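We begin with a single chain expressed as structure tokens, specifically the form predicted on its own.
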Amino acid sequence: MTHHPLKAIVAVKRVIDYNVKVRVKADRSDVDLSNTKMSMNPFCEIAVEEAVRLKEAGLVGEIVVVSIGPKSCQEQIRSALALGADRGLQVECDTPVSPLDVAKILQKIQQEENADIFLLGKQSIDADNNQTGQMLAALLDCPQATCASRVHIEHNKAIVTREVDGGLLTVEMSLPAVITTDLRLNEPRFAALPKIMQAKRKPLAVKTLADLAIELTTDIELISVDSPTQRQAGVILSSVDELMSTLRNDPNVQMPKHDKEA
């Protein structure tokens, strides 16, 4: 029995590079992105790598990379193309989008692309919502497996191992399906210079929200952004006696109570 090569859609998000210390705007209205290094969300990069590995294994025939945002997000699409994706699609949008907005946009794209597999990072490192994959699966009314640590495709089914509390959970799903990727799924490769040059010639289409007949939701409002509370400097004690004295007498030290004392 022969199987047609599958089509995979991978969604990638442009976020602040994980090595950069995030700054908050003076008016606390948002994060300051001026002169800040931006990169592909690490979980999305793992999703791209997994799609490329499935293609190298002969299981996927085409990889379409989608990103939603201003023109600058084409940089992350080109990065994914350099890693092995076949073509890109930017959905032009200059305003922040909620996880539900992203899911609705991807649902519209699916109506045109008819993909077999959706691969997404389990969450983005800027908002940490961990919602888009689940919402997309609900909108598409298709199976989903989140936090994947292993993906295997066989006989038009996806066999996905998930990391859960206390161990691993393996599920089998029919396609099309939505899979969100976790850190231990793979280690993304670096793009070689020839691949980066080739990526510039790969097709990259641009669509607007109007093209997809999408109206953004307005049910989430960003009220303010604050920096984390700075931790106080530690204290170096000179002896065990001083440590014990501090533990007993410092009002800032809270010792756990034993059952009899509780």
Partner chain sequence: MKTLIIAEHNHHALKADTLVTLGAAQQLGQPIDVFIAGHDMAQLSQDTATIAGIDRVLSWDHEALAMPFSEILAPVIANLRSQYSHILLASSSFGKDLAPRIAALCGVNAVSDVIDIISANQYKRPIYAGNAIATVQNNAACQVVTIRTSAFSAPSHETAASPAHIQALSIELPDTSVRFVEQTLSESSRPELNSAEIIVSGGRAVGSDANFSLIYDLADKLGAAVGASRAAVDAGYIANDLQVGQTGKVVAPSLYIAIGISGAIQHLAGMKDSKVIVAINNDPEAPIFSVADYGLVADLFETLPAMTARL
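Every value quoted in this text rests on a predicted model; they were computed, and no experiment measured them. Numbering follows the first chain given and starts at 1. Here the rigid core means the biggest group of C-alpha atoms that line up within 1.5 Å when the two forms are laid on top of each other.
From this point on, the text means the form predicted together with its partner chain, which you will not see here.
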In the predicted bound form, segment of 70-78, 113-121, 160-168, 88-96 with a heavy atom within 4.5 Å of its partner chain: 160-168
Selected contact from R184, R189, H152, H155, since only one has a non-hydrogen atom within 4.5 angstroms of its partner chain in the predicted bound form: R184
Answer option from L193, A26, I236, A213, heavy atom within 4.5 Å of its partner chain in the predicted bound form: I236
Q232 within 4.5 Å of its partner chain in the predicted bound form, heavy atoms: yes
4.5 Å heavy atom contact, M135 and its partner chain in the predicted bound form: yes
Contact of P143 with its partner chain in the predicted bound form (heavy atom, 4.5 Å): yes
Close approach of Q198 to its partner chain in the predicted bound form, 4.5 Å, heavy atom: no
Partner contacts in the predicted bound form for 9-38 (non-hydrogen atom within 4.5 angstroms of its partner chain): I16, Y18, V20, K21, V22, V24, V31, L33
Core-superposed comparison between this form and the one not shown, V22 Cα displacement 2 Å or beyond: no
